[in-house]
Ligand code: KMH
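This document opens with one chain alone, in structure tokens, the form predicted on its own.
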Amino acid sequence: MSSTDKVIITCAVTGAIHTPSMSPYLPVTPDQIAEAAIGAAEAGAAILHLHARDPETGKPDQTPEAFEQFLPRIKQATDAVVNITTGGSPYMTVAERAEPAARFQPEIASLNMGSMNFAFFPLLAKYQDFQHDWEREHLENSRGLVFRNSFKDIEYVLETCHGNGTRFEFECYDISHLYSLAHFSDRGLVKPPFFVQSVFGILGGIGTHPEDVMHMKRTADRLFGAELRWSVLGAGKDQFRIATQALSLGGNIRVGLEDSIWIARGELASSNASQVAKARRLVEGLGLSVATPEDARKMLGLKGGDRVNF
């Protein structure tokens, strides 16, 4: 792993798992997403991981038209690195998921590195009343949901974004996903440095035990060595516990309302910025420094904000 005391904080602003009924603070409209992203950048996030939603219902929306409602505003207001999801929603096709990244050519796009059961139906036990019909169906249908990311699908994203200078946040939900990334590296289809986002706590993926975190790190270190730029996200209540462990191991961290709607046990986060501010306190409390957007660009070998298409 690269030796540096600078830590990249990524903020994932809204995502596609949580629904509007779960938190009044979840950004849904273009204005809310833009304001949340800008606030997160001002609080210390070097990278903004972005999804879009239908402004009326809050349902995930992966059309380029949805993204263009807030991308220019974010770019004008902050120097943060913009990361556009190609994960979209697990219910979407890979062609739908990749379209915004292909259109807008961001500095980074996320890339899921393997198929998996992707279940969030246990949330039905916590929430009884929903504002929109789609929310209950969204949760219930995940009992039978396989989030497809076949080798062919991954190749499709790489081919679709080929030549535009976009690099990737490789989202790895289990150990096998690290080996899939190594496979694409061996074929020369992805180039170092490798920004690996290890995801803990999604039902169907790796768990949240400290040994799970260590196993991910050991395996990633062995496969990618000095070319690894390791980051973690802990879903839900494990967000900051896993972030703290990763920081002690030399990692980078991701927070945001996509991954957790909480700021503390039983307390909803009132904004993405509040989670970033808490993450910043963790970083600085360990004697480390928060990476600026320019630091992140150097650490990850990015093309620069002047070469995007928005």
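Since the structure is predicted, the reported quantities are computational estimates derived from the model, not experimental observations. One-based numbering along the sequence shown.
A second form of this protein, the form predicted in complex with this ligand, is not displayed here; the remarks below concern that form.
S.K.: Just to be sure I understand the contacts: of Cys161, Ile202, Val190, Leu139, which is the one whose heavy atoms reach within 4.5 angstroms of this ligand in the predicted bound form?
M.R.: Checking each option against this ligand in the predicted bound form, the one that comes within 4.5 Å is Ile202.
S.K.: Quick one: from Met22, Ile17, Met299, Val290, grab the residue that has a heavy atom within 4.5 Å of this ligand in the predicted bound form.
M.R.: By the 4.5 Å heavy-atom cutoff, the listed residue in contact is Ile17.
S.K.: Thinking of this ligand in the predicted bound form, which stretch from 170-178, 128-136, 72-80, 209-217 has heavy atoms inside 4.5 Å of it?
M.R.: The contacting stretch here is 170-178.
S.K.: Looking at the partner-bound form in the predicted bound form, is His51 within 4.5 Å of this ligand by any heavy atom?
M.R.: Yes.
S.K.: Answer for Pro100 alone: is it within 4.5 Å of this ligand in the predicted bound form, judged on heavy atom distances?
M.R.: No.
S.K.: Might Val157 be said to contact this ligand in the predicted bound form, defining contact as any heavy atom within 4.5 Å?
M.R.: It does not: once this ligand is placed as it appears in the predicted bound form, Val157 has no heavy atom within 4.5 Å of it.
S.K.: Wondering, does Leu233 line up within 4.5 Å of this ligand in the predicted bound form on heavy atoms?
M.R.: Yes.
S.K.: Quick one: in the predicted bound form, does every one of Gly87, Ser110 and Asp259 get a heavy atom within 4.5 Å of this ligand?
M.R.: Yes: Gly87, Ser110 and Asp259 each sit within 4.5 Å of this ligand in the predicted bound form.
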